[in-house]
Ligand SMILES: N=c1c2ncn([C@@H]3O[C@H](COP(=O)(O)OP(=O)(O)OP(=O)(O)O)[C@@H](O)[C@H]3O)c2ncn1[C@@H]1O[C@H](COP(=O)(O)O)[C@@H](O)[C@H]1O
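Only one chain is given next, in structure tokens, and it is the form predicted on its own.
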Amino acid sequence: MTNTAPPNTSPATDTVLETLADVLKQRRHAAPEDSYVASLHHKGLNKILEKVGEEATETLLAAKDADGGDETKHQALIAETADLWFHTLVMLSHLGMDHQDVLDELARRFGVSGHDEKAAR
């Protein structure tokens, strides 16, 4: 089987994101009492944004703890970052957007100076 992934991408990562996107789509319309994702969608965008903000704050605090910390602190940062990414994907899903749009934007930025990209916004 030929690997069709673009250079510098991981098929395993692509599979995880694709699988997660599929799960989020399936659970979006599930009964809120049966699915955490469905309960977030049912509560609306403001609740989802609240969760993104909460997870962002927890990620920042975990990063501060991980700076010079041990493996336990590093794993806590990984866990908080996973929570942040998850809730961000729920946010995109709620808005009818897809993670691939974000990946495409990141890919577009390769080879572009961060200073130039920021100035162009």
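Numbering starts at 1 and runs along the sequence shown. Keep in mind that what you see is a predicted model, and the values were worked out from it rather than measured.
There is also a form predicted in complex with the ligand; it is not shown, and the following applies to it.
Across the proposed site, Glu18, Leu92 and Leu103 without exception lack any heavy atom within 4.5 Å of the ligand in the predicted bound form.
When contacts are judged by a 4.5 Å heavy atom cut-off, Thr88 does not count as touching the ligand in the predicted bound form. Ile48 falls outside the set of residues with a heavy atom inside 4.5 Å of the ligand in the predicted bound form. Under a 4.5 angstroms non-hydrogen atom cutoff, the ligand in the predicted bound form has Glu54 among its neighbouring residues.
Shown alone here, Val37 lies within 4.5 Å of the ligand in the predicted bound form, counting heavy atoms only.
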